[in-house]
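First, one chain by itself in structure tokens, the form predicted on its own.
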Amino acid sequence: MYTQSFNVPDGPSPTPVKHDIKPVLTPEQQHVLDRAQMRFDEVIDADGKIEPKDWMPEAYRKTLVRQISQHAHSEIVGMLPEGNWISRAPSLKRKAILIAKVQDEGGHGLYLYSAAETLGTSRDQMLDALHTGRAKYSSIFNYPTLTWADVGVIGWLVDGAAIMNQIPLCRCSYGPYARAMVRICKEESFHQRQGFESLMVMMQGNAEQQAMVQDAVNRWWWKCLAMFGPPDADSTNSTQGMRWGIKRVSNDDLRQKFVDATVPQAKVLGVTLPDPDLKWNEARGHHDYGQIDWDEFWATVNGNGPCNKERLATRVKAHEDGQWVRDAAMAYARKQQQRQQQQQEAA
């Protein structure tokens, strides 16, 4: 997801999976493997960084590839709901802001694909998994943006939830991922403020504009709470992810922090969060909130949301339409290589 919490299994493979047979190691090989595991554990226990050339357990590598690629897919697919509004933005200023934001999201996806490639998985493999429906991306992007207010709410709430999720990733144990997240978080923070400012302008407008904002908040609030992933008791990968330093804060703790931070922002904005159970709990020192519809969440994750098919079809078409650019780039690279070889031979 746009997050450390969205770490669900990829979809079923279209071909039967062959189960790996573990090779029988000699005592010397086992000793080398044990020493490598010990060094890995020492780095993790010391809160250090694992780098691409370091030895790492295969399960650690696979977990990172799955999480980073899902994160990258979410950034790329996440361009679509807002991109639909670029041509319909209410002013030149808003159009320029939205273009810049969508461009940022594309850049985030490229950073993350590059980070995942350091783990030995090619970009073509990751994109093929996305386009064939085997890989997941954040379910939040499978909902329609019905009005201009949705664009502001995505900035305020969706990007706000993303920041809450992503800041701990700046301390992820895998170096390339952690370093990519530093810049991404700075840009996402700007996106969140831009969304809030856009909504604030609308809330100072007429009654119709105010109603538009409230309607968008009503539709997106619960979906944003689900962005943090399933409850800790149902999050099967959390324990191991936290042991490895990939995940730093539990899903429920992140969700609580988001609620506590957003309630005062909503008061400043002048909107009502659509939860009758939302109230301050003095004993806990946190806000209580209602039950999330997890059936809807999993249905959307599994491909049955309002816009799943539309989003994936749009993404596949964009990739296919850009094939000529990739072909031209490869042809130019081959031509340059041939020219360099000719120059070397002539010399």
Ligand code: BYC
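Not measured: the values here are computed from a predicted model. Don't overthink the numbering: it's just position in the shown sequence, from 1.
Not pictured, yet referred to below: the form predicted together with the named molecule.
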Decide open versus blocked for this chain after superposing the C-alphas round the site and placing the named molecule the way it sits in the predicted bound form; the blocked call needs 3+ ligand atoms within 2.4 Å of backbone or C-beta. blocked
Hey, in the predicted bound form, does Arg66 get a heavy atom within 4.5 angstroms of the named molecule? yes
Is Glu105 one of the residues lying within 4.5 Å of the named molecule in the predicted bound form, judged by heavy atom distances? yes
Is Trp156 close enough to touch the named molecule in the predicted bound form, meaning at least one heavy atom pair within 4.5 Å? no
Quick check on Met56: any heavy atom within 4.5 Å of the named molecule in the predicted bound form? no
Looking at Ala162, Val151, Cys172, Ala116 here, can you tell me which has any non-hydrogen atom within 4.5 angstroms of the named molecule in the predicted bound form? Ala162
Contacting member of Ser189, Asn237, Gln125, Asn218, with respect to the named molecule in the predicted bound form [4.5 Å, heavy atom]: Asn237
Quick check for you: of 204-212, 270-278, 85-93, 133-141, which stretch puts a non-hydrogen atom within 4.5 Å of the named molecule in the predicted bound form? 133-141
Across 56-89, the residues having a non-hydrogen atom within 4.5 Å of the named molecule in the predicted bound form turn out to be Arg66, Gln67, Gln70, His71, Ser74, Glu75, Gly78, Glu82
